[in-house]
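Below you'll find only one chain, the form predicted alone, shown as structure tokens.
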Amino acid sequence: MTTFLIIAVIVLIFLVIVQIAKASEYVSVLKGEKVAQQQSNKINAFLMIAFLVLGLIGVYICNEMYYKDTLFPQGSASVQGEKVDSMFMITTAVTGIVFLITQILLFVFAYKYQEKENRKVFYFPHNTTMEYIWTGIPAIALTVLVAIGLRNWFEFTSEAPKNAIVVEITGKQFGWIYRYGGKDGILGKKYYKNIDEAGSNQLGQIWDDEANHDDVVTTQAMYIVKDRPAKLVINSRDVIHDVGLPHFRMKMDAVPGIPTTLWFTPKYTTKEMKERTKNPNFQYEISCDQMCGNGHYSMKGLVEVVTQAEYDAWLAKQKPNYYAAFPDKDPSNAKQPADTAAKSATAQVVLAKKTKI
């Protein structure tokens, strides 16, 4: 029933518009085409000024209503992200000022220079000075903005500090896989043809490379440390993905066969952000910022920012992926030594005799 009413209302609105258009045509015939055109231009000029005023008020109201729901009031959660925020604000200020000036002039000119009786058209074919101004100033402004962007980009993608935590993050349809270098801090070699989901080798690690034997692989969350640089080595296992870190103001493409990198320094732990945002359910998120298939919407990852002590405790609890692929080589699964087993058997016999007595 609701759908029928909506369709009926739409049809009625369409019919009203058609009738108004027909009535306007009849009025034009009665008044004369020239008079009708001038009256129409006058109405349109007034509507443009009204649209300008209402539009600017609407922009202001939307900003007041929705700004608090964006990530900007929280501030950047990384040191490098502060530069991104600064760059964004500068760009918005420059383009915003230009937008306001040009749009106000556009609508004011449409109103002021509407068609009127005895007004002649002013022919203005060329002005070299004005062309220099409206070409040169935007070119200089854009060059400065691009230079700022390139400076920040080169910093984020440069070699990370030596004390950085290295985390490899690999995208696949539709999730993220994280790998840590283990005790030696070195990521082992891998080869895509070695990928074997059933054999606990999601990344194609080469087991002949001993550096792989202590590498930790997880899909739960990416752990990094507050105030310590985190270097991400980014890969893709299938199509192009994009590691989006909105709270840290970072993002980088994940391209099959072409590892990319970026680094940043977290400012707040997850616990501190829960307090800052007054949201007990706050989580740092990883989004895929590149359309990657039907399940793109569900490709969400989590980031846990912790203290160094918490990170060390977490890493100590993780088992290398090598033991998942080769359970028989896991020390915790090793059989008891012969003497220990014999002692256990003797103790059981003694206990049985005592029980009979």
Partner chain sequence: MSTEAVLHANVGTAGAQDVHHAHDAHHGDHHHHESFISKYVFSMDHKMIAKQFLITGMVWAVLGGLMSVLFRLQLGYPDSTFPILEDLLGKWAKGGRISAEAYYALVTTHGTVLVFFVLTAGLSGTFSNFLIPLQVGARDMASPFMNMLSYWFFFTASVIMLSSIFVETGPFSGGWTAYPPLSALGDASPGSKTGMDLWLVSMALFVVSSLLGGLNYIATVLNMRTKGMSMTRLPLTIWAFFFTAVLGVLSFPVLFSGFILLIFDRHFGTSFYLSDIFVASTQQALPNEGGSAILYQHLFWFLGHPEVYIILLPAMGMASEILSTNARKPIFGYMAMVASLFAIAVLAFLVWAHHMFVTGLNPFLGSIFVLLTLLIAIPSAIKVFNWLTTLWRGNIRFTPGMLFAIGFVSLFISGGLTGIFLGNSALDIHLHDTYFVIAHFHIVMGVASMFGMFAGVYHWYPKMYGRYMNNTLAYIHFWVTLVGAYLIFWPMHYQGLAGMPRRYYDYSVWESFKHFTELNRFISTVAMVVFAVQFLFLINFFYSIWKGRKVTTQNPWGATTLEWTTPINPGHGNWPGEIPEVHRWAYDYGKDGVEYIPQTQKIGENESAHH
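Residue numbers count along the first chain shown, from 1. Note that the structure is a prediction, hence the values are computed from the model and not measured. Here the rigid core means the biggest group of C-alpha atoms that line up within 1.5 Å when the two forms are laid on top of each other.
Keep in mind that the form predicted together with its partner chain is missing from the display, and what follows is about it.
With its partner chain left out of view, the stretch that reaches within 4.5 Å of it through heavy atoms in the predicted bound form is, among 207-215, 220-228, 243-251, 161-169, 243-251. In the predicted bound form, its partner chain sits within 4.5 Å of a heavy atom belonging to S236. Using a 4.5 Å cutoff between non-hydrogen atoms, K300 counts as a contact of its partner chain in the predicted bound form.
Its partner chain in the predicted bound form is not approached by A309, whose heavy atoms all lie more than 4.5 angstroms from it. Its partner chain is not drawn, but in the predicted bound form it has a heavy atom within 4.5 Å of H296. Of all the residues from 61-88, those having a non-hydrogen atom no more than 4.5 Å from its partner chain in the predicted bound form are C62, N63, Y66, Y67, D69, T70, L71, F72, V84, M87, F88. After superposing the rigid core, the Cα of T102 is displaced by less than 2 Å between this form and the one not shown. Residue displacement note: G75 has its CA displaced by under 2 Å between this form and the one not shown (rigid core superposed). Fitting the two forms on the rigid core leaves the C-alpha of T143 displaced by at least 2 angstroms between this form and the one not shown.
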